[in-house]
Ligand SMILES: O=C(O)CCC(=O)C(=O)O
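A lone chain, given as structure tokens: the form predicted alone.
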Amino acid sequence: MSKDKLLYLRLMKRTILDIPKLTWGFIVYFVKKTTPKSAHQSLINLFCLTGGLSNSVISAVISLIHRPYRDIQPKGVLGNFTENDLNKINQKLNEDGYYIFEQRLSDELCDQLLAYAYSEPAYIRGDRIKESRKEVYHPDSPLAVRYDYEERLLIENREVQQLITDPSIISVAQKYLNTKPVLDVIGMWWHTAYQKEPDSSAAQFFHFDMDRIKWLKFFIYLTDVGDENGPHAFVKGSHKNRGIPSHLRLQGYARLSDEEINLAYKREKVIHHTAKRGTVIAEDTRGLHKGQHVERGDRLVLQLQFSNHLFGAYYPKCKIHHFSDVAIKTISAYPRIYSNYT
């Protein structure tokens, strides 16, 4: 019997326990608003076994319970969309797993966020980093391969609040998730040319995410990103049910090499997102993806994630304490979207 078949059989045996664990986990979440680690692991195991069919079944139930908002006008930083526009974007997302918007963020907004990133200390990360500490990023002398800004501080930033309450962004997320979305992860980081080889802890090897049941991420480039600046890479179509071959899924939450990806997919399926600053990329990171290793310069990315439910991985809670005038109005109108932060 082949190694893959043995792994598959072991996973099937575990599934006998994973289904009741997942059901129990939802009951615990309903009562305590936290997901047991074992239940989250069962979500991952079932994805690896079914190729995503289990996620689709749960998502269909969530869509019936939390019907989408009907009064959001899809106009904002991504463009002034019609319903037909949203349908075309959604079709592209469902087919390819990603969508690159024609309209970019303004230079003014990029400059404001860039100024924040140059002045605010961030946690340095990397395989070589032995202790967690904050440092201000200096382009001429990076101290790590990655700098991560604290979510609790990002969410107080006026420009970030403008983006998380932007109707065009919310409308695209809601259309894809087919439910009232929940904003649940806000992140911003530098990738630098600190070292010559890719870094596992900085997500520079291919992998899939499985923190939630279904989600959509918006990657916002705040610097120009060329071939040498570590462009975001994505395997086109790998977000679909069984879009990741079983021999890769059966490795679980593993980091995958370029060689493994090139053996499993045609070369034209591996997309590298080089783009001007201000470019916004919506992506379902259930598909295989990574941040390409930075060879020269750096890359600053702001990430917003909208999910259909908060069941899943644990993230430290943080609350919005200071609201802009626009944020107050939007958060009051659409409470489920911001329930993780209010």
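Since this is a predicted model, take the numbers as computed values, not measurements. In case it trips you up, residue 1 is the first one in the sequence shown, and so on.
Although not depicted, the form predicted together with the ligand is the subject of the following passage.
- This chain is drawn without the ligand; in the predicted complex, the residue among 232, 212, 180, 175 with a heavy atom within 4.5 Å of it is 232.
- Contact with the ligand in the predicted complex, judged by any heavy atom within 4.5 Å, is made by just one of 279, 55, 303, 274: 303.
- Using a 4.5 angstroms heavy atom cutoff to the ligand in the predicted complex, none of 21, 33 and 309 count as contacting.
- Although the partner is absent from this view, residue 203 contacts the ligand in the predicted complex, with a non-hydrogen atom inside 4.5 angstroms.
- The ligand is not shown here, but in the predicted complex it comes within 4.5 Å of a heavy atom of residue 189.
- In the predicted complex, the ligand sits within 4.5 Å of a heavy atom belonging to residue 219.
- The ligand is not shown here, and in the predicted complex it never comes within 4.5 Å of any heavy atom of residue 152.
- The stretch in contact with the ligand in the predicted complex, judged by heavy atoms within 4.5 Å, is 290 to 298, chosen from 61 to 69, 33 to 41, 47 to 55, 290 to 298.
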